[in-house]
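The chain that follows stands alone, in the form predicted on its own, written as structure tokens.
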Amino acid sequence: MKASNSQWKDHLVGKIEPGLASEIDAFDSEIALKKQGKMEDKVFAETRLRRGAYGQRYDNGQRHDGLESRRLAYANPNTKGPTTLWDAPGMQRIKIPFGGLNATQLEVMAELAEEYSDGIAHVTTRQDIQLHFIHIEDTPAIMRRLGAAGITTREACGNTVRNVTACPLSGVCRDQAFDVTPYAKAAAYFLLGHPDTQDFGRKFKIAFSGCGDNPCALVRIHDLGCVAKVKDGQRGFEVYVGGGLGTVPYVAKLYTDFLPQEELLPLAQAMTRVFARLGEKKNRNTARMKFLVVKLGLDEFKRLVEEERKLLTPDPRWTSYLDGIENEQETPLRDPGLLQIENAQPEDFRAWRETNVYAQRQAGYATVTVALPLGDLTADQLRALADIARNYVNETVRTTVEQNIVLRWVSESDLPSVYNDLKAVGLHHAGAGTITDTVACPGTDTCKLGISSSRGLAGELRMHMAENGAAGNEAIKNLRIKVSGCFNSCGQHHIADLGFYGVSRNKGGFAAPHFQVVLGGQWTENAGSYGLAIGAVPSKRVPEAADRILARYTKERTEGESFQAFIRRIGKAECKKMLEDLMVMPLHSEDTSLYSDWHDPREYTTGDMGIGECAGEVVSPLEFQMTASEREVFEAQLAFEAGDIPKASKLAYDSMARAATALLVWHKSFYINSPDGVVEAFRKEFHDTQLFFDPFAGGKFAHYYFHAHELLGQERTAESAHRLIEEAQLFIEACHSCVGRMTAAPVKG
């Protein structure tokens, strides 16, 4: 803890909004109470989460050194949540509504990153900023310094309304219906701390987009998504509900094709009340609103929301922000200009301009994208960016869902100077919005849920694509690559052209990092559809797998054929065939390089198993059956692709049953033939004993299997069959993980 922490409270008196100052004081007191043992772990954990103070990898006091898990030497035995040690570094998430920042706020971020973190600020896929390696006792001082700059961390995590996101081009976009910025801002602050949003079972995410086609806001992956629309001269929104990624993605459903602007906040309030009242509370795995919408059915959900709307007491805040809203617009710092002598500019400038500069709807102005490798920028870069924002624009800065930052209202005549200033601090990378602009979640770097190194792979793919000139290949340059460290999709792999999510595999007693390859996702049309995994490739072989897929597309695409259309045309069987040899894992003794992760010298293993004389040379019954279950779930995808929904559903269920049977045979030598018997035995031996429980998702994946069994024989729609395939894939991955945990070595002191 920094010695200066206590001084900030007095130093910033009068500079923080009184309500926020009181909230931070209260949090300070709660920290003191927890240190005195007067707060329960679970209560304090939810309290700090609602302040954006998150856990981080290794905060349980354990770290695997490549051979065995060892305890980390934290002197303080106190905890800040269940199995979360007090002195272990954590993460501070900072809410940035619609991504809007000014120069002062950038400078504060720089100070905080330098003084409390590792000197790095990280832009997330929800337009937040995260600081890692934070001590819990430093967080009140951090919050006060942010509060003095007009930023709150309140409800950045926890079961709350999370950061409200919006298209970073809103107001300057050539395709927008109108600027959604003031609406996003109004929704963010109306719902922040609102009494109706304090009793959710899980988080609630909202996004705004100025148009329906571009992917800047990805509204269809949100609980509530709003697309700007003008009807009969009146402003309003096309509203979507019940979307979400996570382990099994749901595409949001159209709630209404036009909601008058006056009804936006009342609808949001009514919807949150229904979610709080009827949403799942006990089982976190089914507590998102997407499950409630499916459970009730869209028509019944709408009826309940409309009933709730009628009961609301009118609130002047519903419409007060609308006064003069049609005339609201940011103001530029400089006069519009034109870039007169582009050909005289260096090649690197021209390459940067091609990908990182967007001509605004306002003539003579451009929006510049500062492409951030993996969303990171240093404290010095933040300060430099603040200077640039003051010198060239009216501090009109926004973060993006692709982990970049944009400068709006740059006079086109200033572009060479802006480029040179960015270049001076290493922020001049070209390729924004191209195949080299990879997106990744924190993965195994800092996330407790990470299975494989998403940032390691994404960084490698970024360099690999750049070195191979992918950004200059017209066929593939505008494709998107997104990487998640696990199935939870924080890297948004479901909506990428090429998506990857981390899994592990065991071979001969050794664990190896892998990534599932997800093809066919659609990030355009606000994330209009999701891809499906075709198989797992060892992490170190992913770049080669990507090369093969991209080369095939470049060579065989028809004129104007999109990547998604190409994947649909050749089929997933052909896609998998391209990668099958890469999926075959050699023995540890044959190639140790595949048994470690990117940029991590440790051997990737969950235990110091050792191998027998013939280990690895004979395929175990478990390995054989697990491979068969993976084949079945892939065949389910092929049947789904062919439109045979009944067959796809049956194969997906069969793959789960086979994997469950394989574990029963492996662990207990149970040989059971009836589906009911397998479910009963699996529940008793793996679920009820919690052997199958994921460290963070609990029994979620077992319930996928149980639920599929309950619905066995019932007719499924295409949407539910798609979901069943996703769940089967995750259940099989959970079986692999279960085996890995059960064969891992115990923690050493």
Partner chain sequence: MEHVNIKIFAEPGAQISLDEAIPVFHRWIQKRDLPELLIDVTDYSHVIAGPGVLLIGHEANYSLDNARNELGVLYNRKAKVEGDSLKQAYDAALTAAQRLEQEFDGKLKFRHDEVEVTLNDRMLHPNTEAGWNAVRGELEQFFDGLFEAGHYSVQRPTDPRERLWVRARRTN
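Numbering follows the first chain given and starts at 1. Computed from a predicted model, the values in this text were never measured in an experiment.
Just so you know, the form predicted together with its partner chain exists too; it's not on screen, but the next bit is about it.
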**Prompt:** Does A386 reach its partner chain in the predicted bound form, with heavy atoms at most 4.5 Å apart?
**Reply:** yes
**Asked** Quick one: is E354 in contact with its partner chain in the predicted bound form, heavy atoms, 4.5 Å cut-off?
**Response** no
**Item:** Distance check, K684 to its partner chain in the predicted bound form, heavy atom within 4.5 Å
**Value:** no
**Prompt:** Would S4 count as touching its partner chain in the predicted bound form under a 4.5 Å heavy atom rule?
**Reply:** yes
**Interface stretch in the predicted bound form with its partner chain - options 533-541, 399-407, 479-487, 71-79, non-hydrogen atom within 4.5 Å** = 71-79
**Request:** Work out which of E280, E623, D445, D421 lies within 4.5 Å of its partner chain in the predicted bound form, going by heavy atoms.
**Result:** D445
**Request:** Go through D315, D644, E556, D600 and name the one with a heavy atom inside 4.5 Å of its partner chain in the predicted bound form.
**Result:** D600
**Fill in**
Applying a 4.5 angstroms cut-off on non-hydrogen atoms, the residues of 279-303 near its partner chain in the predicted bound form are none
